[in-house]
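Considered here are two forms of the same protein chain, supplied as structure tokens in two stand-alone entries, structure 1 and structure 2.
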Structure 1
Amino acid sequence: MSSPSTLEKPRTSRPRPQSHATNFGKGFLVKLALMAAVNAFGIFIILAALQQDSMGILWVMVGLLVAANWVFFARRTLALKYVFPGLVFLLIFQLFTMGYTLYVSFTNYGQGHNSTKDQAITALLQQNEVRLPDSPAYPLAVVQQGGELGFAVLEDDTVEVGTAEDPLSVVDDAVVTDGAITEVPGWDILDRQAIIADQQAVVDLRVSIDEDPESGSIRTTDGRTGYVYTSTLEWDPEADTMTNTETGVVYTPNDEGQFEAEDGSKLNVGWRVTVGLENYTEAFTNPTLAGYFYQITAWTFVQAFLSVALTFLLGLLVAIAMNKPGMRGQKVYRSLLILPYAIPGFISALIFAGLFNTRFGAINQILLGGAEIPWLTDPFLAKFTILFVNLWLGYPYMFLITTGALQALPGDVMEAAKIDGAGPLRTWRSITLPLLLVSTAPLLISSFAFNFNNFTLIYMLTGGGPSFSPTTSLGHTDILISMVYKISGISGGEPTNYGLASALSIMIFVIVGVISAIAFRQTRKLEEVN
């Protein structure tokens, strides 16, 4: 029987870990300061969204702030603290972007349809303003505040100031001398020379009389006298019509987001409406776009496939040569080989654009004795140049990954193949290459996706040219993503059409996603080699 001294061992209580939420040490103070900065930034965005009447952004930001404070101050959310920032960035930069692009692809968002219906009505009323013969005139001074121009208008001994963004409002303590405004608190009055120096901006400036766009605006031609301009259009909210007061023509809304008269004439400002799958079918059915779309799609696949295949083969050959035992100067060669990979791609593309210049490039002038070969202006040579430059830029990456894969191959398997009598070619075909593809196939898939959307190389090297025809900005070397860029209208070469550009972006996403999924599924068969 054991003695009591051996049965009743003194129990040593393990110290209970202190909760991170109740540890008010230096770390908590640092966390408190960081969260204060995060909350201040979030409140700033909320106020800005409230000012712009963007209620969606406002409520999303409120939700994110509440979630952030709960995650970083609650007791049982330790794991969430590490993933919450990543989830926020995923929500903002991935899910929101994809969702908004999908929404735009179902609308007619583009030139003439950039805003809501209310904003379009306001723009129509403002753009159709004219000065009536009997419109009143007011003494006026051109004022400036922080680089923003405005008008100070004198009406019945009252001075009112407004800008292009803010309508006229009364200003107290303004000084009027001999019927002219000489001082406005908070504003600088421009003299004659300053008005002449910025004459076009002064003439183009329009200051609303009040919040109602039908009240008209104040404009000036000499910087001294302001005249009331009123719109020739009249908006009837009950009938939902726009009437031209000079001609009597009545415009009603149509399904395309525009005011249209009975004779088919339309007002030039419209609004965004849902058009269903129209943008998705336009790329295939539009007679001026479908032909280019098919050519560009085919070239996109060819360019992406050849870029991956050529860079992989060259990188693999160089890696095999560098891994040959006994080769001298391997470190020097490897350092030189990765130089193209170390230089930013867009800079290399610009340099090659200069080297391949038809008349002044070093390729033609030095290497080819002054021959004017159109490397970048001939459709076939331009595509060859893109593949060549992409090969130069991409093979160092393939060299690095294949070098690592070759060095990781199990030596016992190679030795067993040698003992079994397999020759070098059989060993390469049956063992080395399958094992190499097991580790490099996912990287080749990601490289295909990268080259499928390699906008930088196309934009910097050829700009998508040469053009298919003088009437379009689309060219023979455009790929789908550069086509999207041009169709969006951001480049200025085509009318803006964000709806069609978004639809094409969604199609590119689906194509790349499907190809990647199929390719990853096929690579599983290679794992059986292991």
Structure 2
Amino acid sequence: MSSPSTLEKPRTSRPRPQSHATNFGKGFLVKLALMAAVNAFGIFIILAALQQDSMGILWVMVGLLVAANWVFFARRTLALKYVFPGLVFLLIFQLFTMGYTLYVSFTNYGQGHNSTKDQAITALLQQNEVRLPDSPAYPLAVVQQGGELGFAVLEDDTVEVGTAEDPLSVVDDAVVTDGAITEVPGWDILDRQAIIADQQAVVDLRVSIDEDPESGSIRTTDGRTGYVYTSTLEWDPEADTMTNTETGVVYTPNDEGQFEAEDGSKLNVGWRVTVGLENYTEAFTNPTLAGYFYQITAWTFVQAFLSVALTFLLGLLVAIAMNKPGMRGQKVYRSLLILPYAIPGFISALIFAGLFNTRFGAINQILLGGAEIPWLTDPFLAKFTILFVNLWLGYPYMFLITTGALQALPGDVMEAAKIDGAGPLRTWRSITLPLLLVSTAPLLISSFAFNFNNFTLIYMLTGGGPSFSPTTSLGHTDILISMVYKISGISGGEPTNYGLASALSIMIFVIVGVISAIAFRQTRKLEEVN
């Protein structure tokens, strides 16, 4: 880091070095080429977003591109030139995710509220358009006259043509070959390619079979055959209501994102709406959830704290033993100790889940002579097992970092302590440990954050079980993040509720953030002491 004094140095008479922005040398050409590539890439995304109607992505990209060009071509933005790429990635990969999670936590996104209102309306209309039970299959051709689409259908050897405006009427002199309509006077028959090019219009086309709209209309789903359909729901865009044409019941949108009739009955498909803080209050007030929520929160803290403390202590102990000068085979021991650290955590957790199986696991069968100890299904033992496996998985990491820290301790301080007459214990307590903590504390904090959200271990080892009760999927070893996973309903077996799950993740984020902030402050104090 540069000290302030360097900045205040009087300028020498040496000419200022030219910035890359105005120096048209080799470096500038390279930069120009790179920026051209970046701009081309950006413009491509903008065009693609325009095509997909994704206005959000479009404007973000425009903003980023303008910023990028300004940063790399302006003269005064030297520091930004280094920071900008990192900022862009932070924006895309972190802030966006967090922002989106925050947004979802204020909505009722989940079972039955999965899409937008427009999509829900489309789905409702689709679901309630039913083929008449006795409607025969009509061989059908898509025809066109002056840009207007219509259907030509074959009914008992006569060909009838109709459009969205005009119901079916008989056309004379039409040619039918092998049961397919090949020629209709006054109309062009669309071939398959033309149908495909306009398929949305063809799918949306409804041709009434007679003057009475109640008797249904022809539509086709494959461009070859038509059936008569009637719709029981009618959407009125002006009044924003759905009407059931059979019963006459009118449904209006309610605050929860569903169409609701006056008698309280609701239509099947709903859509996403913002529900404010409802998801946040639900975690504390929902009678079936709140009790478990507090228990799980408490266990999450205990689990994270004990995991860090135990692994650190064991790692440190081993590190001290290994650090003894003149010990033989140090390298072999050290490489052996790294082994558990080198195996992916979720594989180890899975293997341990097998080892701890009550009846078939090696621990009960071989080590304990066939004792049926419920390692993973007793609330207390399951917690113990989690901590034990995490200790096994985590201590080599602590061993590594404490070994490094021990070896970096300044020898002269130790020497001084010895001369001052301090014994090994005193030296350890007053010199070694504080110095060690200064360099390892940030890692301990990040370990805490990691264990706070150690989903893999819980998921692979106990799956959160044993359950609090047979009627909930939440269990005694669930931590907040695995609770979020279960509540989200992704795993199936329970209705999805992304809104509530997002609200819980935001709470986890806040908890971890606050704890880390406090812990880092404490660490700084530690540094000041030294």
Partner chain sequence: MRKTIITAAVASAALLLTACGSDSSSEATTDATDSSSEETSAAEEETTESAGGGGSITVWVDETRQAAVADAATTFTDETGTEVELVLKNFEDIRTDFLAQVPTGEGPDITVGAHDWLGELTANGVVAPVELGATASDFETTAVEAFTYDGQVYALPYAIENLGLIRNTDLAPDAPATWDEMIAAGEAAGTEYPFVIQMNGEDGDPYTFYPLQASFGSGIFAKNDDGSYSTDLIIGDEAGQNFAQFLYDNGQSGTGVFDQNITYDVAVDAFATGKSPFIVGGPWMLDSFGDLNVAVDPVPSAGGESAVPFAGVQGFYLSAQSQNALLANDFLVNYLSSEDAQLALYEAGDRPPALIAAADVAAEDPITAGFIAAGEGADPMPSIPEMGSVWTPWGKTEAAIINGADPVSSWETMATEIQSAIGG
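Counting starts at 1 and follows the sequence of structure 1. Heads up, when I say rigid core I mean the largest set of C-alphas that superpose within 1.5 Å between the two forms. On a predicted model such as this, the values are computed, not experimentally measured, just so you know.
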query	finding
Form predicted in complex with the partner chain, given as structure number	2
Core-aligned C-alpha movement of Pro466 between structures 1 and 2 reaching 2 Å	no
CA of Gln127, rigid core aligned, shift of 2 Å or more between structures 1 and 2	yes
Rigid-core frame, C-alpha of Glu415, shift of 2 angstroms or more between structures 1 and 2	no
Shift in Å of the C-alpha at Ile196 between structures 1 and 2 after core superposition	27.3
Cα shift between structures 1 and 2 at Leu87, which is computed once both forms share a superposed rigid core (Å)	3.4
Cα displacement of Met61 between structures 1 and 2, core-superposed (Å)	4.6
